[in-house]
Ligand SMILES: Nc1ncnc2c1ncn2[C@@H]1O[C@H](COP(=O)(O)OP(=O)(O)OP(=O)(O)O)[C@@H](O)[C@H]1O
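Have a look below at one chain only, the form predicted on its own, in structure tokens format.
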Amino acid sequence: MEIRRLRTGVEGIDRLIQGGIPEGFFVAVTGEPGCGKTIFSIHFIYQGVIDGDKSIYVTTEESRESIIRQASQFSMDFEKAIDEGKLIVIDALMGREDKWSLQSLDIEALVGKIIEAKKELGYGRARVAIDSISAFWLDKPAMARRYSYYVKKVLSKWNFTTIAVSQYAISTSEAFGWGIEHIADGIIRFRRAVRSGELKRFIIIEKMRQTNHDRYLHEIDVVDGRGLTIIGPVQRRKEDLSLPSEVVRKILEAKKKAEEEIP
């Protein structure tokens, strides 16, 4: 049985996952701030515009205008796509009164707004990037798995392929939740490290169901006018890019707490 795949917009990443993300998947894109997750999300959505998919971008940590500017920096014209009715950017940060803004970080309101946007864009295959979904459980991390499952279950019925960014920070790791990874069909993990005084970024495909995916860590770069590019596989020890022990401890505590609180 042939698996239909959606191109991510980053050719090097598509090669790591046999040509793209399987249609209908819910994929977690995880990592610290500054690793390239938002740029990857922009690539994914703009490729949808090119491929004729109904494309929706949800931004919770930047304004709609900021996302449009970032896209233009990498030669992706979000503004034109919006004007032509090929793309909707839902702003969940600024709290405006316009049609494509969310007034609060409520998970049911988010899903309702995404479905409303799909109806506006019309019938057909759809893709959505939620950047980041972690914002919806900042004050209740134990709900991460339940909320993620709800989003996945509802959007799959509307023929969406979803990438959901899961943000975390070293100082506040518990607040961001880790339940999304338990229900995701795929996990694309971004990493960063400083080597010889220079910031390096990396990506690894930790999971992609129905896919014989690459299992190596790859160095990536962000290039003006182009966006994300794959430099190539790297040979590093696990401890070179592992989280500090204190953060690992907090993660384990948060996961245990979540399991205790959710029936």
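Because the structure is predicted, anything quoted here is derived from the model rather than measured. Numbering starts at 1 and runs along the sequence shown.
Another form exists, predicted in complex with the named molecule; not displayed. Remarks below refer to it.
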Among Ile68, Ile204, Ile39, Ile220, which has any heavy atom within 4.5 Å of the named molecule in the predicted bound form? Ile39
So, in the predicted bound form, is Gly34 in contact with the named molecule at a 4.5 angstroms heavy atom limit? yes
Heavy atom to heavy atom, is Trp100 within 4.5 Å of the named molecule in the predicted bound form? no
With heavy atoms only and a cut-off of 4.5 Å, decide whether Phe74 touches the named molecule in the predicted bound form. yes
Would Asp224 count as a contact of the named molecule in the predicted bound form, using a 4.5 angstroms cut-off between non-hydrogen atoms? yes
Relative to the named molecule in the predicted bound form, which residues of 83-122 have a heavy atom no more than 4.5 Å away? none
